[in-house]
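Just the one chain here, the form predicted on its own, laid out as structure tokens.
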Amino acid sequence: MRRFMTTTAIAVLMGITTGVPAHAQDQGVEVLHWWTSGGEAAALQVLKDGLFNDQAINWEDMPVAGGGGGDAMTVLRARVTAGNPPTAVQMLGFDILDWAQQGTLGNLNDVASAQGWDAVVPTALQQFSKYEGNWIAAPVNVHSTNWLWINKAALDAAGGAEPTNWEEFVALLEAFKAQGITPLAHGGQAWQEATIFDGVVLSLGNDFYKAAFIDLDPAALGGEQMKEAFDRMTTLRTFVDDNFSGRDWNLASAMVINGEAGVQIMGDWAKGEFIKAGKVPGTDFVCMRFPGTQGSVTFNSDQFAMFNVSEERRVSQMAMAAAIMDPAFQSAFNVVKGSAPARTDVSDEAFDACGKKAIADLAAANTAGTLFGSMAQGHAQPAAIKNALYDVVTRHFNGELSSEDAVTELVAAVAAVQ
């Protein structure tokens, strides 16, 4: 069995449990999450086995399927309303801050101070991990959404050239179509369509993405560039198979893995599916940034928010936080998950080519100021605005709105919930 707890992490755990009865560690942690696909479950197993079994801390698993986490949040609301919150909950972005504002989250300052989180967690992440100066969540990773995942054999059959701009990307999709495979593997769920939209909008310029999704500038939301973004979504819709509606994202990944489709536009959690299937970057599949977005990153971070629990459960809760932020775990977990570590001091030595690229791209974007919260993954705007954007994007993708009408609806939808 692998053991990832370093001497430092163990010392942290001993320090924060001082004065609490030894039997308290047996109380365990109840963990609500939505990591149920093959690659996600494999990554989660690193945390379960490599850390908690070694420490004899009981893990009570509470999985709720659904890639965007919406169903998990519904279950969470019911649990909190009933006065029985889980110990730790997987969360994204503004959802964490929403719960913090309600006073339901615990304080992780002791373990954060002992492990020096302030110095190693990127500032862009800290705005979601802290509330009013207090650490309330432990970030597990940094995902980014503006990726393409391409079947290498299909790409080679199309000439082998990775597309560098929109026109080349469309030409590649046409080549896949000519091969008799589905050009674009997609699952017809609102969050998946929004994930594609992330890349499309970013490909039209960093300033445009920031103005539209970070600043909510009405001129950007309602201008010609936004119409162009919707026009590009219309084009992409023509390359999706007829059975896309309701398909889970990992099943779309499987289409690319199995050679049934040419490419998927998806966050880098998709890499976990390829790795789980025994596929090798550069040999079986190609990872690249959405054409026109190299040098920029739209990010989200899976974090475990820690709820107010009994003192007995708090011991195991703090142990979980310390374990999550241990550098060795950050490396081991993210190698499997497909994401980059949430700590800037973790070596890329154990990562494959896609992982090294993810780490390098994240560092470069952070330095250049081109690291943007993902609209699709709840890191650009709070849930109400995100959901309003979702509604317009998915209605357009499904043919209910023209590009012109979508632009009008987008401006109105955002204004209505601001």
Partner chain sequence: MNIKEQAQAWLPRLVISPSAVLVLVFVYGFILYTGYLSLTDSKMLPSYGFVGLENYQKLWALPHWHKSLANLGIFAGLYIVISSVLGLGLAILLDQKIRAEGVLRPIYLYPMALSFIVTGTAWKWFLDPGIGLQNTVQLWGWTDFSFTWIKDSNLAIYCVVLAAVWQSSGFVMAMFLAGLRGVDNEVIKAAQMDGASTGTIYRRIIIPLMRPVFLSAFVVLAHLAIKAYDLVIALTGGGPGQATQLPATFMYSYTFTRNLMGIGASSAIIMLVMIFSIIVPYLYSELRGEKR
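Numbering follows the first chain given and starts at 1. Just so we're clear, the structure is a prediction, and the values are computed from it rather than from any experiment.
Form predicted in complex with the partner chain: not shown, discussed below.
Just one listed stretch, out of 41 to 49, 362 to 370, 376 to 384, 347 to 355, contacts the partner chain in the model of the complex at the 4.5 Å heavy atom level, and that stretch is 376 to 384.
Only one of 329, 99, 239, 230 lies close to the partner chain in the model of the complex, with a heavy atom inside 4.5 Å, and it is 99.
A heavy atom within 4.5 Å of the partner chain in the model of the complex is found for exactly one of 164, 258, 74, 283: 74. Heavy atoms of residue 404 never reach within 4.5 Å of the partner chain in the model of the complex, leaving it off the interface. Contact annotation: residue 81 falls within 4.5 Å of the partner chain in the model of the complex, judged by heavy atom distances. Interface residue remark: residue 243 is counted as part of the site for the partner chain in the model of the complex, having a heavy atom within 4.5 Å. Not displayed here, the partner chain is approached by residue 417 to within 4.5 Å at the level of heavy atoms in the model of the complex. Of the residues in 362 to 396, those that come within 4.5 Å of the partner chain in the model of the complex through at least one heavy atom are, in sequence order, 383, 384, 387, 388, 391, 394, 395.
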